[in-house]
Every structure is written in structure tokens, then in C-alpha cells.
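Here's a solo chain for you in C-alpha cells, the form predicted on its own.
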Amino acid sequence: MERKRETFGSRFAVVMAMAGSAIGLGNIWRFPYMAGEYGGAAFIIVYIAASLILALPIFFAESIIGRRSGLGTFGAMEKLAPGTGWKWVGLLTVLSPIIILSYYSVVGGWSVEYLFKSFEFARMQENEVTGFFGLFISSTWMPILAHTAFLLLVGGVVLGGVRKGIEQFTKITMPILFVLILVIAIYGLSLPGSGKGVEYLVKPDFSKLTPSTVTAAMGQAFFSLSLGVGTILTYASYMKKDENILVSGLGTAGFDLFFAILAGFAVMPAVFAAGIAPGAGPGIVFETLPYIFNKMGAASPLLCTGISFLFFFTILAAALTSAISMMEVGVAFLTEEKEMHRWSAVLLITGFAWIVGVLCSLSFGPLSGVKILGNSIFDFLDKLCSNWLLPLGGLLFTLFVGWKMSPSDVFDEFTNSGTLKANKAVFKTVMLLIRYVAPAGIIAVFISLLV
């Protein structure tokens, strides 16, 4: 007997779930330091353009495949292109998010540890704050415990299913996230010397607009929307048939852009106020900001603790919403294709991600000498997925919608059987972007990586 498939309850639920998938560590952790390294406002301008011209068409392509099929990635490709090799594209995009979840949950675990540590930053000595990150990630058991706690939180939400788990969590969490990041941004703007940080983010210096800046901005736009790993496709398969794909896509992309820029204003003014170089790199969040909070503690320990707690709670919540979507891709595959119960699927994926994640965590400490193609275990998996598997998945999704699916089927899905006039008007533009512009952009990313 075929199981009745769950769907999201409303358009708000769809947008919040998809925004939750997109908004994660890539926005709060990665975007500020990328903007810092690649020229601030000039980088942001290219990033916004790439999000709308490159990333959004891929988002539409995944949404069309997911809702048209009503299945997860593997089943979707098999249903829409039966008897062809396209089903292996679906399998690729089942494996990719599970691998990403394995090392992503390690960083998510860091946010768990820092959430509790936020009560201590005001009382710590300066050398303790600056040295804490390195000591923590190179230790053995604490990062593993934090990684375990993070995965259990993710598994607990996914176990609740689409409506009671994912939908309820994201509907509550996402509005709170926006309020928190807005509060933190307002506070950062109030710090003495923060004006230089604002200027850095809004006044473009086009002399810094190099090919590497363009490539980095394109990559950030692509990864920020969680494209190429089947998360958007899977969530779209839970959309009702009367949902507007154009509106959902624009809403998700808009939320993602807004949140990323807010995160930049939450971090960069504080960095300038502390006299720290904007190009400090990936350590800005986990190394630089605790130092700033510690300095705040000298004047007001209570304020330091409050702002620090809010900031790392925001990071944790954002990390959870993205990790939940990654786990759901694998759970959908196991429940639909292997007919497993949801709790068995969640347990299996959590167990796999935990084991691989432990190896990634230990690669900062006891296993730091183990190298794969010159990289640590963590870095190897990160580069494999971020640089190759994700863009490859995005490229294949656009080629499938642009060239394999029947144009009439794509039109039918995008316009809700021709009933949405606004979607009809933009359909040709969207197809142009899906067929030509998005693939060209992804290939350009590949070429830049090889060069």
C-alpha cells in the first residue's frame, strides 16, 4: 500500500523551510569573512547579482523537478526520466548532503560549545579567549561531544516529520533568527569606530574587483542557497500543487540575501570597532568575536554575556535549519526507495554522519597527521563537496530541466498549468537563465578552480 506523502501546510511554511535550508553557517560564518577578504561592498554587489542571475535559476530548476515528481532526488529523476542514467544524478545528490552533514555537524558542534562558553567570555583573561578556539578544536572529547549533541538535535527535528518536525521548527526559528541578527547588527553599529565597517560594506572600491572576487562571489551565492545537493528539490516535493514556485523562489532568495547582508553588518562593524583587519579570514566568528565580547566584559559583564549568548544562539539555530534539510534528503530516499520507517532512516543517517564527523573532528587533533591528497580529513571532504559535488549537482539539475524535460512540462509546472499570468510572463527569461546562463556560470567556477 502506497504511503500518503506529507506536504507543507502553507506558503509561509514553504518559504520558511526553504529559507531555513539556505540560511546557515554560510550566511553568518562564511559571508562576513568572504566579504572581508574580497573587498567588502564590491564583493557584495557581485554576490547579489550572482544570486539573482546564477543561483535563482538553479533554485527554480530544483523546485520544478521536486514538485513535478513529488519524490526525493533519486525517485524524482527515475520518475521523470525512466530507464535512463539520470537516476544516478539523483543518487549523487543523496550522498552529497549526507557527507556535508558529517563535517557540517562538527562546526555546528562548535556553536553548541560557544553557546555555553558565552557565559564565561566576560571573565576570561585575554590570552584565554584568543587561545580557546585552537585548544578546543585540537582536543579529543569535547568537540566530539558537541558534534554528537548537534546531530541529536537535528535528528530529533527530522524524526518529527515534515509538518510536526521541519515545518514547526522553521516557522518558529526563522522569524526569531531575523530578530536576533537585527538586534546584534544594531548593537554592532552602536560601537565606537563601527562607521568604518559600515563604509567598508556600502562604499564599493572597484579596484578590488578582480576575477577571484567574481568567482568567490559566484561561489558564495551558489552555496548560500543550498543548491546542487537536493535539499531544495526535496523540500519542493513537499509543496502543494497550487503553490507558486516563482514567489517561493524569490521569497527564499530574498530572505537569504537579506540575512547574509544583515550578518555582515552584525560582524564587520564590530571587527572595525575592535581594530581588527577585515580580511582576518574564517576565524572572525569563532576567534575574533569572543575577543570583542571579552573587551566588552571589562565595562559591562552582563551586556557581554547577553550579546555573546544571542550571537552564538543565532549561529546554532541557523546551523540547525540547514543541517535538518541535509538529513531530510537522505531520510526521504530511505523511506521512499527502501521503504524504511522514518525513525530507522534518521537513526541510520545520524549514525553514519556521526562516525564520519568524529574522524573530521579528530583531524584537528589526534588525526591531524592523516592527509588525503595533502588535505586533512575535514578539509578534503569540504573541498570535495563545496568545490566539486555541489556545483556538479547544480549543473546537472539545470541541464535536466533545460534540455531533458519537455518544455511543455516545465511550463506547466512553473505556471501551475498556465493559471499564473505573472509566471507566464517571466517563463522565457527563466528558461534562458536555466538553459544557458546558469550552466555557463557553473562551468566558469569549475575553470577557475582548475586554473
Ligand code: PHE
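In this text, the rigid core denotes the largest set of C-alpha atoms whose superposition between the two forms falls within 1.5 Å. Residues carry their position along the shown sequence, with the first being 1. All of these numbers come straight from a predicted model, not from anything done at the bench.
Below: the form predicted in complex with the named molecule, not depicted.
- From the list 352-360, 98-106, 339-347, 144-152, the contact stretch for the named molecule in the predicted complex under a 4.5 Å heavy atom rule is 98-106.
- With a 4.5 Å cutoff on heavy atoms, T398 does not count as touching the named molecule in the predicted complex; it lies far away.
- Taking the partner from elsewhere, A17 is found to have every heavy atom lying beyond 4.5 Å of the named molecule in the predicted complex.
- Interface membership of G40, defined by any non-hydrogen atom within 4.5 Å of the named molecule in the predicted complex, is ruled out.
- Though the partner is left out of this view, S237 does not reach within 4.5 Å of the named molecule in the predicted complex, counting heavy atoms only.
- The listed set M326, M77, L289, A332 contains one residue whose heavy atoms approach the named molecule in the predicted complex to within 4.5 Å, identified as M326.
- Among S308, N294, S224, S111, the residue placing a heavy atom within 4.5 Å of the named molecule in the predicted complex is S224.
- Contacts with the named molecule in the predicted complex, taken as any heavy atom within 4.5 Å, map within 26-64 to G26, N27.
- Superposition of the core reveals a Cα shift of less than 2 Å for F60 between the shown form and the other one.
- Relative to the superposed core, Y47 shifts its CA atom by 2 Å or more between the shown form and the other one.
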